[in-house]
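In structure tokens, one chain follows: the form predicted on its own.
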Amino acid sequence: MSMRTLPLVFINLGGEMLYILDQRLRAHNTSEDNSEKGVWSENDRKRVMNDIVGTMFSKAFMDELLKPQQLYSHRTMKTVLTRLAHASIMRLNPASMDRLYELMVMAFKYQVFLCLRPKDLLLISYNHMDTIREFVKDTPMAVNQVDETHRKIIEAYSSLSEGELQLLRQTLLTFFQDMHVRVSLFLKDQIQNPNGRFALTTSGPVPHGTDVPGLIRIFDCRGREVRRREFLSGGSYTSSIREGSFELHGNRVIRLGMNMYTVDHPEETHTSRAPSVKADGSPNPLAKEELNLLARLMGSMKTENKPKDESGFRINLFNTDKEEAEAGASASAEESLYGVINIQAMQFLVQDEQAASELARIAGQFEEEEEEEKPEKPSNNKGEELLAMMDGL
């Protein structure tokens, strides 16, 4: 596993999140009674972009993120990105955050799949950063933060070998391997199958610096070409035009990582779970746990920095409030299927109250000895330092 995967995952997923939020904030978002409460102005959109980008690319946060470390789990990554999304006046409920995270992950997964070579992962990241820079072009401080992070990324990743980049790509593919969420945009363009897996073509340009397949050249022992043999490659391939720019500014050539959402197609933010092979109707306990985590997180969001006379805005990633309520109701129905079972082992093992007290005393002695012998260990909870740092920003 590569120890340098986390910064690229965070930047690319954060970029996809900003694409989706920008698209939804630009869309016609009014309440059912056509009151002003549901309308997002252009100033609101810019403020949300500036707040999220300012938090995402803050120097202390990025310095911590760029340290070599293992890639976070989906649950931890979703928690970090939820905090990031709520760094502004905008608020998302758990159902919308679930949808947002699925869109982000599937979009980046498709981009990684289409990488012709591992080094193109950097170009995808640079495309995201170029677009983010355009979002906040009217705020010099935010632009400087993006530029500074971009320079650090170039410095950290430009010296990696092809093998290290391939390991990084393999780590990303492992991270994505269990995600098969259907996205309406991908289904409409027929680049995703109904089961949620991508349909990759056997045509298009080959990686920069490589030849189009279809020719075998045979050399003798002196290195001279003696004959050629052609074969059917099974696809329609073309040579690469030129290599994209890996500098701070320039033409990246590839379009992977650019904003694929438009105001005219709000339905492109639709997702749905791929049908399971085992359709027995039993709920997924892991999904329940994620919903519970997000619910607790949303309930503990702090708004002290917000003026008292200013109410937070709410954004909905569903078409209507009714659809959002149905999604929340289905999560509640699923949660009701699970009961909490408390097992008091002491009651089963020890019936006598005096014996129970004696065991508790002995257990306390063991705990005291362990505390004396073992030094304090830092928390092993991945992302805890980043979350604490985001709370302080």
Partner chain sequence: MYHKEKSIQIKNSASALYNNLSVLRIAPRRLTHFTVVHANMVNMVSASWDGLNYTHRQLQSKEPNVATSTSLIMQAAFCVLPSRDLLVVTSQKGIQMYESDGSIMVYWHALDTPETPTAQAVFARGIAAVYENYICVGVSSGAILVFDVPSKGSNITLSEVLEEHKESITDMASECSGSQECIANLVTADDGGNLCVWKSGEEFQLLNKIPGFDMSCSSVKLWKGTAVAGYGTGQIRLYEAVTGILHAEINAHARWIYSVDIAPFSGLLLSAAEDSLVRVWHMTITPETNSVEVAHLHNECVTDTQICGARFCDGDGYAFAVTGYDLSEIIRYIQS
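Numbering follows the first chain given and starts at 1. All of these numbers come straight from a predicted model, not from anything done at the bench.
Omitted from view is the form predicted in complex with its partner chain, to which the following refers.
Its partner chain in the predicted bound form reached by all of Arg4, Pro118 and Leu215, non-hydrogen atom within 4.5 Å: Per the other structure, all of Arg4, Pro118 and Leu215 touch its partner chain.
Sole residue of Thr131, Ser184, Ser245, Thr210 within 4.5 Å of its partner chain in the predicted bound form, by heavy atom: Contact check passes for Thr210.
Out of His150, Lys109, Lys78, Arg99, which one falls within 4.5 Å of its partner chain in the predicted bound form, going by heavy atoms? None of the others qualify; the residue that does is Lys109.
Heavy atoms within 4.5 Å of its partner chain in the predicted bound form: which of the stretches 138-146, 91-99, 252-260, 190-198 has them? Answer to the contact question: 190-198.
If we define contact as a non-hydrogen atom of the residue within 4.5 angstroms of the partner, is Ala87 a contact of its partner chain in the predicted bound form? Answer no; every heavy atom of Ala87 is more than 4.5 Å from its partner chain in the predicted bound form.
Its partner chain contact at Leu173 in the predicted bound form, heavy atom, 4.5 Å: Result yes; Leu173 sits at the interface with its partner chain in the predicted bound form.
Using 4.5 Å between non-hydrogen atoms, is Arg169 touching its partner chain in the predicted bound form? Within the cut-off, so yes.
Would Ser73 count as touching its partner chain in the predicted bound form under a 4.5 Å heavy atom rule? Ser73: no contact with its partner chain in the predicted bound form.
Heavy atoms within 4.5 Å of its partner chain in the predicted bound form is the criterion; list the residues of 212-235 that meet it. Counting only heavy atoms within 4.5 Å of its partner chain in the predicted bound form, the contacting residues of 212-235 are Val212, Pro213, Gly214, Leu215, Ile216, Arg217, Ile218, Phe219, Asp220, Cys221, Arg227, Arg229, Phe231, Leu232, Ser233, Gly234.
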